[in-house]
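The chain below stands alone and is given in structure tokens; this is the form predicted alone.
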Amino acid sequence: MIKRIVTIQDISCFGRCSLTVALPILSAMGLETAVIPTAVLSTHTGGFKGYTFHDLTEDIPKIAEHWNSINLEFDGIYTGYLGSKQQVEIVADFFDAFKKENTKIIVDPVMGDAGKLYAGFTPEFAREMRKLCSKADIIVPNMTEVSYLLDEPYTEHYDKEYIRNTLRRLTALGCPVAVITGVRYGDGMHGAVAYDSRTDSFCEAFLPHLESQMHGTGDVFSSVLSGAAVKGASLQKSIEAAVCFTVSSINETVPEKDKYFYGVCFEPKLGELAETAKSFGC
């Protein structure tokens, strides 16, 4: 039986990020994928000017109400970029309404990068996101988001023990599993480290660091991780698949990175991802 996931985030009509990344990746992994767009943009905000933006906050509760009326159920709920404190509160209510015993909730607490919050976000928003993370089964922050979730200074200087202690503190927010993305120890490798508080166990996945900086890689990583987790893959296999697919997509883009500045060319790699996903339990 095909498992069903819903992903809640914005959609850019052009550009590889958010829903335009999540929907094809999750579908390629063999999941029935429903979507709740939180906003519609003509393009994403990375490198484009003059884009249009239409907020859909008021539509989210109406969609949830209709879905409840037809008894929809989900094996997974995966959230990405949420544009306001109000949206975070609405999504928290969605979790309460649709989480069943076996529903897996994955929260990518998209707030910032390189030590800074994205435009329009505040420490108050971060506090609200912290509450949402407490309702998740898995959270997937980068180091900037870690600093705001834990209300501590951002740092790029850390070692393995620091990351492990940080993961433990993240799960103390209430989520049993935390994954930190974009981890670099200075050895030329780049990847992700995960911690499962239920078994007090760590796992990690690293590949050689690539200098190219590209839009949407976090969305690619979180989408693959979410798909793997909902399909029943182990935490180790989930982060390995996410790291490998993200790096593979970057490598596919590098030869024409100026042309495709707005995102990574993940589409040619979807066939490989579909094959990998066949081993994930359903």
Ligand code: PXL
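When you see a residue number, it is the position in the sequence shown, counting from 1. Here the structure is a predicted model, which means the values were calculated and not measured.
FYI, the form predicted together with this ligand isn't displayed, but the following is about it.
Using a 4.5 angstroms limit between non-hydrogen atoms, G46 touches this ligand in the predicted complex. Contact between C17 and this ligand in the predicted complex is found at the 4.5 Å heavy atom cutoff.
Proximity of Y158 to this ligand in the predicted complex: non-hydrogen atoms within 4.5 Å are absent; the residue sits far from the partner. In the predicted complex, none of the heavy atoms of M129 sits within 4.5 Å of a heavy atom of this ligand. For the residues F94, F125, Y81, F74, the 4.5 Å heavy atom test against this ligand in the predicted complex is passed only by Y81. For the candidate set L41, L235, I60, V243, a heavy atom within 4.5 Å of this ligand in the predicted complex is found for exactly one residue, namely L41.
Shown alone, this chain has one stretch from 22 to 30, 211 to 219, 235 to 243, 66 to 74 that lies within 4.5 Å of this ligand in the predicted complex by heavy atoms: 211 to 219.
For the partner-free chain shown, nothing in 147 to 186 comes within 4.5 angstroms of this ligand in the predicted complex, judged by any non-hydrogen atom.
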